[in-house]
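This document contains two forms of one protein chain, each encoded as structure tokens and listed individually as structure 1 and structure 2.
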Structure 1
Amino acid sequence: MITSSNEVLISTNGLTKQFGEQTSVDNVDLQINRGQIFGFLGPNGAGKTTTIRMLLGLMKPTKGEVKLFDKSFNNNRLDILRKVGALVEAPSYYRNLTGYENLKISSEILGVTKQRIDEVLEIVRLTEVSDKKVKQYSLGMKQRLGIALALLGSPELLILDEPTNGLDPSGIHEIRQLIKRMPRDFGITVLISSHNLAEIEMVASHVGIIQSGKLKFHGTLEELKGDNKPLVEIKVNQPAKAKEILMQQQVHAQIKGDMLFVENFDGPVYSINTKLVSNGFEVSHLVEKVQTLEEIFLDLTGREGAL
């Protein structure tokens, strides 16, 4: 329905939260535009949920500024929250009521119609089990009901904090497919937090990586991969002499053990092999290695990420 635009729905400036002497969120600047699925990624305890609570006005920042839809919470709380749906930690519902009855209670508070209840049940694919009691739902169905409750007020922005926590692979797939549909089918911008890179990589258009309260990266997945030039690993006889030959071609190699390593090589890798063989060297092993996104993430987060 919509594509990513330049309209900023979430912005923070110097957002900081301290609990006594501990800094949970440290000077974080976020910008999330309409139409994005923004993956907020970091190890458990990195500051994701605290940030989200400040974005929703559930927690007051120690310092810094939060704006949603270019408005601060100071005088615009109701106007902002009418446009936002959120699922933070475990969804809230009445276990002894049906899925439909849970939505009916919230619809009366929000002033939405029966038609809207039917619409959100269809969106999250719970129509067929809407008359079952929630205590009979699987964990994945309960999470989808939580998302249905967040969607009931027809939000423009959906904030989901670790929505696949504890789900089995089938439940994770269901939630992932649902999130991917949000901007495309319903015009809803999504912020999803997770400690799982693989999950974010499959759904997000943009990523913010947080570690120990500090924002380590903010941009697209392509930008995250962008500066990742390959490492060329070479096994050759006479590595010291081979290194000298490569240096003559402005190819800077390092010797480690009996191997040569060429970092950040941006030419065709076969040219290294051609140069060495044409100068009489015997190349028995030449491999181009590129860091995976997981390795990049672990480097950014000090290899403390729970993946």
Structure 2
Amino acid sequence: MITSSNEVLISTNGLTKQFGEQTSVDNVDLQINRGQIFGFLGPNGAGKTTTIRMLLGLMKPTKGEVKLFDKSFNNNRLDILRKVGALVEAPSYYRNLTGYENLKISSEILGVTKQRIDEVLEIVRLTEVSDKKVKQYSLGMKQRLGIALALLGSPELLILDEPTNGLDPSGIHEIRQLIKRMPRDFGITVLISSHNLAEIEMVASHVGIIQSGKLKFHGTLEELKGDNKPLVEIKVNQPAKAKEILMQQQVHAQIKGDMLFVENFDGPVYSINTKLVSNGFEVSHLVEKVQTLEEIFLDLTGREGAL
């Protein structure tokens, strides 16, 4: 169920950021259309926050360009920011003020009513503690306040950088439900970053996977799953010989232990069995394994970087 339109809200072209020698964001081309929930996925240090900071004009790209609502930041900073709500990296707040007063401060600039403040407090379920000083809030409550701040100006585009950080399971569930409703109920397009694949899988319509600053995948969630070719696992009496026979069919198998593995096999799996059996092999085990999304993610991002 993808209902995104063709209107491009975020586009980047060759977006690059270097800190000294290190390239933290490397030639990233993103395109996010109105109505999408775009999951921006990557392990710690992959460059998600750096990319988001450049999207919001908080940081200048070393190379490449960013356009939001088809405009660049140079002359249209205020026009762009009026339509964007964001939570970057960690919630922002003034600790001596109450949750309500924190929202009140931003409302001066966003020009929203008291009613809207109550509304967003209700949405993130902070109404009851809205008169408490934020320094007395728990981490999860601060995070909710950050989300409320992002929603306050009724933005068309919501950019949330790891919004479920520090929330408990029911809080995570709530925020997730909220994000899912955004395009449908409020017409809000969402970019949400996370290092948690399961989270993105549950909310996103589109996915970008970043690793060491490079965009490894960009497309719909279906395409990500569809990319995924099965792995065939075979147990046969003479593996080395079987491998040669399969090679004649352009099927590349590898021997690991006493098993044969065929990666990225795109023909029908029974054809392997037929071939082996008709050549007199004894096939005692033949399984087609489809990778889980998690394994795809780990393959794309490298297992060591996924912790």
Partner chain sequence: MDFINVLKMEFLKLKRSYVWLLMCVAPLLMVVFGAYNFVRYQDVFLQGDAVPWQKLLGQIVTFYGLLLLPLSIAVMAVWLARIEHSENNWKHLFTLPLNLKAIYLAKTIIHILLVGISMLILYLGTIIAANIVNVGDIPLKAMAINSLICWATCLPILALQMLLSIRFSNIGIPVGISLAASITSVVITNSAYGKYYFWSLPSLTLMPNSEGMRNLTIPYSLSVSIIAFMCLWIIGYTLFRRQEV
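Keep in mind that this is a model prediction, so the values were computed, not measured. Numbers follow structure 1, counted from its first residue as 1. Basically, rigid core = biggest C-alpha set you can superpose within 1.5 Å across the two forms.
1 or 2: which is the form predicted in complex with its partner chain?
Structure 2 is the matching one, since it is the form predicted in complex with its partner chain.
Indicate whether E156 shows a C-alpha shift of 2 Å or more between structures 1 and 2, with the rigid core used for the fit.
False for E156: its C-alpha shift is below 2 Å.
Does E295 count as moved between structures 1 and 2, where moved means a C-alpha shift of 2 angstroms or more after fitting the rigid core?
Where the cores coincide, E295 shows only a C-alpha shift between structures 1 and 2 that is less than 2 Å.
Quick one: once the rigid core is lined up, does F281 have its C-alpha move by 2 Å or more between structures 1 and 2?
For F281, whose C-alpha is compared between structures 1 and 2 after core superposition, the shift is 2 Å or more.
Core-aligned, what does the C-alpha of Q249 shift between structures 1 and 2, expressed in angstrom?
Between its two positions, the C-alpha of Q249 lies 10.9 Å apart after core fitting.
On a rigid core superposition, how far has the CA of I172 moved between structures 1 and 2, in Å, if you could check?
Residue shift at the C-alpha: 2.5 Å.
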